[in-house]
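Just one chain is shown here, as structure tokens, and it is the form predicted on its own.
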């Protein structure tokens, strides 16, 4: 009955429902990535020149010239290798492949492109020489003839990959932002579940048994809470430096799991102190039931609403903490994540390129905002004082 009332109250909030739909969308993306919709190789694949702006935004002539220089360089190096055909077959930028023409024809097209390139290369700053811009257009057209024209699904896929532009290594910012959803969900769910379970068991035991158990648990979380939060996380992660699991997510799981249980522990302890005085708990005690059975069967199930709210809070806290630690160089190592993207964007921002930091921040912001709204609505709907 109480659950159905809570559901009805939750559904009255439009923002809460929209946030729940948004969270489900992120979960669907995460499941799709686990199933191979976007692979790790896709996130690391070079799809174009570096620092291409998103949504087809106009580039300055000097940057356009550098992009063509990058493409011509790919072909020039390939044609200098022993097996030219094999070298050319390895050239790819996302869905773009080398033009399906004989090597001799490709060499002629490359030479024609370099003739125009040399005419423009004498310019000190193309941005200030508009009389050369038509020639730059000719160079881009000549470079385009080196590639097989994209059609249908390939053209659409390439446009999607370049929707948010490319980073300093020519990788798709969109694919990296999307793949990072998997990392965020992994960390948020595993840390949230583990921390809530540990915090609930310790907090419930401390409140219900009291005595030395309560003193021990209070001393433990008071001691850990006295250490500055970021310093404690950094020390715990740093302990894994040089170990076999350094490059994995295990250091983050361990660091967050050893610290994030404190919040649920305190909240559950306070709730259990109230619950253990209620009549049904006293009646079970008077009937001679084992205290451990009463705790597991009658007390902990009645703090499930607290556990659910705490999980929502810890989920977003773990994601934000991962971003901070990764930015400091102590978090995710070899996987695309929002923290790595923001860290790599430091120099880009100085140079006026905001696409990578903007994309990572926006995708993370939407998830955190949705969970904040969802948690507030959930806490309000599940509060026994409000639904009684």
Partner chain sequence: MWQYVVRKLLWNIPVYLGILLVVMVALRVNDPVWARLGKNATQEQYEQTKEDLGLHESFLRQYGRLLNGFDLDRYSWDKHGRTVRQELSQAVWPSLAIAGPALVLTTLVALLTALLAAFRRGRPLDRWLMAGAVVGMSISYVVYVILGQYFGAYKLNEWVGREIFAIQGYDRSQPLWWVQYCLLPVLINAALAVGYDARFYRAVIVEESTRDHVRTARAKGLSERRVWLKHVLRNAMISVITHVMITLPFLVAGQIVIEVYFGIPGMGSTLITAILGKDFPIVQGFTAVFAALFIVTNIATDVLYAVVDPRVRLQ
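Positions refer to the first chain, counted from 1. Please read all numbers here as calculations on a predicted model, not as lab measurements.
Keep in mind that the form predicted in complex with the partner chain is not shown, yet the notes after this line are about it.
The candidate site formed by 231, 329 and 361 is fully in contact with the partner chain in the model of the complex, as each residue has a non-hydrogen atom within 4.5 angstroms of it.
In the model of the complex, the partner chain sits beyond 4.5 Å of every heavy atom of residue 33. For residue 342, a non-hydrogen atom is located within 4.5 Å of the partner chain in the model of the complex, even though that partner is not displayed.
By the criterion of a heavy atom within 4.5 Å, residue 354 is counted among the residues contacting the partner chain in the model of the complex. None of the heavy atoms of residue 57 is located within 4.5 Å of the partner chain in the model of the complex. The candidate stretches are 277 to 285, 109 to 117, 237 to 245, 296 to 304, and the one lying within 4.5 Å of the partner chain in the model of the complex by heavy atoms is 237 to 245. Of the listed positions (124, 80, 153, 215), a single one reaches within 4.5 angstroms of the partner chain by any non-hydrogen atom in the model of the complex, namely 215. The single contact residue among 169, 292, 226, 131, judged by any heavy atom lying within 4.5 Å of the partner chain in the model of the complex, is 226.
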